[in-house]
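First, one chain by itself: the form predicted alone, in structure tokens.
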């Protein structure tokens, strides 16, 4: 579509766009925000270069979309509960997001979107983030596979990445969230079907024998990770903010820059409806 207040350059024909000439440190007009929201639905991943944001600016931008989310691992990070620090250095044992995933699908209502503001990039290059279009991932499946998936339910377990992967225990007396979501959902705004399983959180398919579940999930995960057509790639520069629609994308933060460092902060927006077919 044509946008009246936005200058937009696409990254691929179906996912990813850079928005030029918008200063996110200043309030957006209602028309700007309306067009920005539509561009976000259209392109799923929006990139804003040369932004100079305070933490309050960053949070205020996120709040235009809804209330801010508190990450299940925030107890281990400390600081502002609505801001997730994304920091990797030569001493890091892992980097957050180093694998295909959708953010916090273990929650009963996962975040509807996230906005990551990177201020330090690796001095020798690297550290890109890849994003995958889950509308297209579903559309590319055969009709037979679509029919098989239609009424299946996936179990999404926060203990998989947070405890087993990162080795961070939940607060004393608590457990990480674990919830069930349909394998195929519809986007609440666009109505389009989405493949909604991810290797970060989906532990198994409800009602299947373990070997059946593993075989099916592994096939779907390979489809996502090994189909370049699904993806766009964001090459970070200092002071870049990227906003993605968490309901219809997956992303992978590529850790290819050791021993260099990368730093940013992320706010996520609370969803308002549970994922549904």
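Given the structure is predicted, the values throughout are model-derived calculations rather than measurements. Numbering follows the first chain given and starts at 1.
Note that the form predicted together with succinic acid isn't included here; everything after this is about it.
- Contact with succinic acid in the predicted complex, judged as any non-hydrogen atom within 4.5 angstroms, is confined among 146-154, 132-140, 173-181, 89-97 to 89-97.
- For the chain shown alone, residue 19 is not a contact residue for succinic acid in the predicted complex, no non-hydrogen atom being within 4.5 angstroms.
- The closest non-hydrogen atom of residue 269 lies beyond 4.5 Å of succinic acid in the predicted complex.
- Using a 4.5 Å cutoff between non-hydrogen atoms, residue 24 does not count as a contact of succinic acid in the predicted complex.
- Taking the partner from the other structure, succinic acid in the predicted complex has a heavy atom within 4.5 Å of a heavy atom of residue 251.
- Remark: all three candidate residues (103, 244 and 262) come within 4.5 Å of succinic acid in the predicted complex, counting heavy atoms only.
- Exactly one listed residue, out of 160, 116, 205, 185, brings a non-hydrogen atom to within 4.5 Å of succinic acid in the predicted complex: 116.
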